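So this first bit is one chain, no partners, the form predicted on its own, shown in structure tokens.
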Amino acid sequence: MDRRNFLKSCGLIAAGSAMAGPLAHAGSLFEEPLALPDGAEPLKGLNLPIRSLEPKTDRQISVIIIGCGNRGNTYARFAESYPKAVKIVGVSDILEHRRTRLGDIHGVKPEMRFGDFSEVFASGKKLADAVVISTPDDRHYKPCMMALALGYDVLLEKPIAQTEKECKDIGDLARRNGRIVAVCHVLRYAPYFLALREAVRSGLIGDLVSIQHMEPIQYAHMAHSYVRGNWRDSKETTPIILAKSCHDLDILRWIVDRPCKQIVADGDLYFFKAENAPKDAPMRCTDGCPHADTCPYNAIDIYTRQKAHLGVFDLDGNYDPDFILSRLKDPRYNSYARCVFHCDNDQPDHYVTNMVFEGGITASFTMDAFSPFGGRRTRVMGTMGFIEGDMTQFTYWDFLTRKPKYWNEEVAEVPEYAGSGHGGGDYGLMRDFVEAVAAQDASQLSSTVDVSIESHVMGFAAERSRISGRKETV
């Protein structure tokens, strides 16, 4: 894989981090990068805070992973790369095989292998410097509050919590107890977004006026995660604007660098519902669907042929199609075999949000479930220039010279972030979190918990607007 394709794959991971297996990106191969204009030259000279992923600390911090699924394993792998800086001393997961697998990798003692998260805190004693909370959305608030009460620093997967009040409760307790809470807004640490933000802040485009930002959810990823999967019910987890797109609200707030004042949203569940089911479609794809060959959402095709999104099946390296099919028929996993028109889902499959920031700067955000690729696409409009990017490179047009320039990681000579998803953001976040905990200095993080909460408040306001049809004040 060449560097360009490697970086593209990192962008795709951001859109579908649950992908796994030898053909993890199958189904996303339609994606084409934005074409560079003829005669475009490299954009040099951006002052970027990009450095090695190795933490600068003389102290090893100890961490307990709570939630040993995809995200927990991602952050734990950082300790494998930098064992002098961080050690995994505990694991917690309600699924024994997951905590056993991760515990064995890191040599975790038997007494530090916990089931439910409450077991981690049952002794009333602090057992490590920090915890990583990578549990499902509806199990972020309680373990975070329990951890903060005992004096742990916390790396908290997004979204922070299921309600605006719970988000603010976490922020309040972190401040009262003087603890560090790093929310996993990992795109802030990706070199691409660091460069995009710096290009705006440096004045290249004059005054920032407006942003258009799009998050396409690759069609099979939508079916996997938000129709069949863990995030299908907005009430049990969080609305999709937070479950999927709080990264994007955070990035917009970060680039604009001003508070959002008003927000309005629209969208609904258009396609994945019972009235759209073709005639004689069974409840599960494994029941012999007469439309299997003409349905792009066919579970057997997505999982056994494309081999996409396999992390949920706990395959332990066995990607034989017959074995995957047996998993689809297993009661523990067969929710992923359901017909997309016969699921208990309520998440919108298209979502449009418009924002007004302080000073009159506007931004529009679109999330759509019907695209052949993932990642992000962004256009930034200023009084003196224009930027368009696709999460791996962007082109800058100078209105005065009319000469385009482009930026990518080769131009900036960014070190290879192999193994780190979200365009390098996952490991960048872990590096800064480890340094912040070791130094007990939250300012070493890109985002304080209060700033992270601000973008969540935008998401909750957007969802209220979508349901009510009214513009919301943030």
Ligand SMILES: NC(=O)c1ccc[n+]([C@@H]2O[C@H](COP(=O)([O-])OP(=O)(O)OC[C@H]3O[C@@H](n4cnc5c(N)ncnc54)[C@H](O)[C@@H]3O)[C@@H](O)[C@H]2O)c1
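Worth saying up front: this structure is predicted, and the values here are computed from it rather than measured. The first residue of the sequence shown is number 1, and the count goes up from there.
One more form of this protein, predicted in complex with the ligand, exists but is not displayed; see below.
Visitor: Between the ligand and Glu275, Thr294 and Tyr297, in the model of the complex, does every residue show a non-hydrogen atom at 4.5 Å or closer?
Guide: No: none of Glu275, Thr294 and Tyr297 comes within 4.5 Å of the ligand in the model of the complex.
Visitor: Consider the chain as shown here, without its partner, and state which of Pro136, Pro321, Pro290, Gly178 has a heavy atom within 4.5 Å of the ligand in the model of the complex.
Guide: By the 4.5 Å heavy-atom cutoff, the listed residue in contact is Pro136.
Visitor: Given that the ligand is left out here, which of Ser335, Asn230, Thr286, Thr366 has a heavy atom within 4.5 Å of it in the model of the complex?
Guide: Spelling it out, the residue with a heavy atom inside the cut-off is Asn230.
Visitor: Is it the case that Cys184, even though its partner is missing from this view, gets within 4.5 Å of the ligand in the model of the complex, heavy atoms only?
Guide: Cys184: yes, in contact with the ligand in the model of the complex.
Visitor: Hey, in the model of the complex, is His342 touching the ligand, heavy atoms inside 4.5 Å?
Guide: The answer is no: His342 has no heavy atom within 4.5 Å of the ligand.
Visitor: Should Val449 be counted as a contact of the ligand in the model of the complex, where contact means heavy atoms within 4.5 Å?
Guide: No, Val449 stays farther than 4.5 Å from the ligand in the model of the complex.
Visitor: Although the partner isn't part of this model, could you tell me whether Pro191 comes within 4.5 Å of the ligand in the model of the complex, counting any heavy atom of the residue?
Guide: So Pro191 does not count as contacting the ligand.
Visitor: Counting only heavy atoms and a 4.5 Å cutoff, which of 90 to 98, 347 to 355, 200 to 208, 146 to 154 contacts the ligand in the model of the complex?
Guide: Of the options, only 90 to 98 has residues within 4.5 Å of the partner.
Visitor: Need the contact residues for 143 to 168: heavy atom within 4.5 Å of the ligand in the model of the complex, sequence order, or none if there are none.
Guide: Sequence-ordered list: Glu157, Lys158, Pro159.
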